[in-house]
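Okay, so here's just one chain, in structure tokens, the form predicted on its own.
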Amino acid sequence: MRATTIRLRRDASQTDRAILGMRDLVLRGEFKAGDRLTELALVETLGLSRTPIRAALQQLTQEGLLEAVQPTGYLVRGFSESEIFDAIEVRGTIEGLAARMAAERGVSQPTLRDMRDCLAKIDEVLTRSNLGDGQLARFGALNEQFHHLLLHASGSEMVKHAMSRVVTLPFASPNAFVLVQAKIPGSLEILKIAQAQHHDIVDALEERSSARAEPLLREHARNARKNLELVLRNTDALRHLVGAPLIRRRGGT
């Protein structure tokens, strides 16, 4: 285990700092899939006491990044391609449910305006002929906002809670592949297709068409599967994908 102390936010609690620091080390590949983590070694690596380290280990186990092993200790989990595809499918199912609830219950005009405003800003980003890191980060922030508004529109705390559990898994969140899009050929067109789906989703919500809104969200989530397949075939994109070291490739590569 590497014993390099990393920088953590000073305003975070000790437990939050431990969670953020440990998650970052795992997703960046500092800890490899199958590595055994112990409290004492993590105390040295993160520069924190054992109590927040223990809490962080338990939290990341609940998130699915780690696996508790006997008698003591934790292993960094790896994820097969099929497991990642399943996580994306679960996310699409939950977001589809959120869309159906929102359409059936009705979305307030202020929320619809917020969604339209968000999409107008994404449209502006996508008018550029080339997307650099700054534009992709802007797209990612707005995309996250849009999906947050969708969950809010459902009016269901249960749905929000279910989604919060799913998106902690690597590659399951709506933004999992946004920052590597520039490395994928045809990335701008891929994002434009996703944006067109965003507009169709809002139209369906405004029309209160649950029969249209739910499948639109499920199909929208499946774009992430297509993006993953493209990334796995692109060495440069895979090298820049956060969490890539955790992927167990087919054929053992």
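Here the rigid core means the biggest group of C-alpha atoms that line up within 1.5 Å when the two forms are laid on top of each other. For clarity, every value in this text was computed on a predicted model and none was experimentally measured. Numbering starts at 1 and follows the sequence shown.
Keep in mind that the form predicted together with another copy of the chain is missing from the display, and what follows is about it.
> In the predicted complex, does each of H198, L205 and N223 have a heavy atom within 4.5 Å of another copy of the chain?
Result no, not one residue of the spot touches another copy of the chain.
> Look up in the predicted complex whether S49 has a non-hydrogen atom within 4.5 angstroms of another copy of the chain, and give yes or no.
So S49 does not count as contacting another copy of the chain.
> Would you check, heavy atoms only and a 4.5 Å threshold, whether V125 touches another copy of the chain in the predicted complex?
No, V125 sits far enough from another copy of the chain in the predicted complex that none of its heavy atoms falls within 4.5 Å.
> Using a 4.5 angstroms cut-off on non-hydrogen atoms, would A137 count as touching another copy of the chain in the predicted complex?
Residue-level check for A137: no, no contact with another copy of the chain.
> If we define contact as a non-hydrogen atom of the residue within 4.5 angstroms of the partner, is A55 a contact of another copy of the chain in the predicted complex?
Answer yes; at least one heavy atom of A55 falls within 4.5 Å of another copy of the chain in the predicted complex.
> Between L75, L179, C118, M101, only one gets a heavy atom within 4.5 angstroms of another copy of the chain in the predicted complex; which residue is that?
Contact check passes for M101.
> Let me know the one among L131, L151, L112, L97 whose heavy atoms come within 4.5 Å of another copy of the chain in the predicted complex, would you?
If I apply the 4.5 Å criterion carefully, the residue I get is L97.
> Output the sequence-ordered list of residues from 180-214 with at least one heavy atom within 4.5 Å of another copy of the chain in the predicted complex.
Residue within 4.5 Å: E214, and no other.
> Does T72 count as moved between the shown form and the other one, where moved means a C-alpha shift of 2 angstroms or more after fitting the rigid core?
Yes, the C-alpha position differs by at least 2 Å between the shown form and the other one.
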